[in-house]
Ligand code: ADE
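Okay, here we've got a single chain as structure tokens, the form predicted on its own, with questions on binding and movement later.
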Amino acid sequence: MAIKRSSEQGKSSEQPANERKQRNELLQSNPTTEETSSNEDSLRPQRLADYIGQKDLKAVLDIAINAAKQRGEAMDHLLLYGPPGLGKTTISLILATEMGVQCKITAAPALERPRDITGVLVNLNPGDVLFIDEIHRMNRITEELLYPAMEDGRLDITVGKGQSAKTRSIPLAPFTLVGATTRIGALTSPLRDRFGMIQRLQFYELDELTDIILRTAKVLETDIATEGATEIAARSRGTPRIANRLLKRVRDYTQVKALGTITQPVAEEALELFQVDKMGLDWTDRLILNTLIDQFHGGPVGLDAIAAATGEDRLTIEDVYEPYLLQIGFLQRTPRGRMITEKAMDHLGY
């Protein structure tokens, strides 16, 4: 991408050699992103019309995309939040396809040094989509470099050290930043407020997950009955990523056992083998619930005590297992700790 620096061209010969070298390294560095290609992942839908679920979000994005295209501008910055596996990355790829631009993907932990984010930003073409996953984990220095980039389309960098240090402003091409996070409360207010659109992704309904599984099975050239897809969908915890993962495991089982089409009994038999029950609970979910019942009489009990009793990491329980157990009403949070519900006890056979 050509960067206009007309005001500095006359002074370039006066800059010390090491200063020019440092600046050139910043401009050419781009180690943290990857450009997506049309065949990167055949399981992902390529167009907004093909994206299943998230109807409200699709309606908002459809308006934003068409408005930006009519004005010939880059779309406004977008922040997506919600549980993992609901399609944040897929949405960013779809936005790039709909806008006719490229999507570059990176994660906040990979942007540790100023030169990392600098290399990413200066190599963006006009209108490109930059997707930053886990944006709540971005360090303070990198985050502050994003502020003028998002608002004013410029990058402020410091060249040199000590008394010879100088601040340079580099103009950037218009771009769309798509940030993804599972913990929107962990974002700082200055960063969050710079996004023009903030949208939450919802868990998927049973019929939506069934359609996703049927589509994935078609891409994978796997024979599956609608009832078989529904059985897998019911155990997918409202999450497309889990649905596709379970489908692949059921496909393996069907292939090895030479059972042909994935029917409802075949899917049920396979998922029972993989210890995924009818509510989508796996072995660890049931361990947490059974520990609450057997050792703590149903609670209330603190999260640290549950972690110690089950041998699981505290953050893993809180971020991975607890949200779904709360969503389906198997667990309650109280001021005194976690408590199991009667619904969970009925499901476990107590």
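One-based numbering along the sequence shown. Treat the numbers as computed from the prediction; the structure is a model and nothing was measured.
Quick note: we don't show the form predicted together with the named molecule, though the next part is all about it.
**Student:** So the ligand isn't in this model. With the named molecule brought over in the model of the complex through superposition of the site C-alphas, is the pocket blocked (at least 3 atoms within 2.4 Å of backbone or C-beta) or open?
**Tutor:** If you fit the named molecule onto this chain using the C-alphas around its site, the pocket comes out open.
**Student:** Under a 4.5 angstroms heavy atom criterion, identify the one residue in I317, I52, A309, A68 near the named molecule in the model of the complex.
**Tutor:** Of the candidates I317, I52, A309, A68, I52 is the one lying within 4.5 Å of the named molecule in the model of the complex.
**Student:** Between F131, Y81, Y204, F175, only one gets a heavy atom within 4.5 angstroms of the named molecule in the model of the complex; which residue is that?
**Tutor:** The residue from F131, Y81, Y204, F175 that makes the contact is Y204.
**Student:** Which one of these stretches, 105-113, 138-146, 236-244, 274-282, sits within 4.5 Å of the named molecule in the model of the complex when only heavy atoms are counted?
**Tutor:** Of the options given, it is 236-244.
**Student:** Does V60 make contact with the named molecule in the model of the complex, using a 4.5 Å heavy atom cut-off?
**Tutor:** Flag for V60 set to no.
**Student:** Could you confirm whether I232 comes within 4.5 Å of the named molecule in the model of the complex, counting heavy atoms only?
**Tutor:** No.
**Student:** Would you classify I212 as touching the named molecule in the model of the complex, given a 4.5 Å non-hydrogen atom cut-off?
**Tutor:** Judged by the heavy-atom cut-off of 4.5 Å, I212 is in contact with the named molecule in the model of the complex.
**Student:** Report whether the minimum heavy atom distance between P45 and the named molecule in the model of the complex is within 4.5 Å.
**Tutor:** Looking in the model of the complex, residue contacts with the named molecule include P45, since a heavy atom lies within 4.5 Å.
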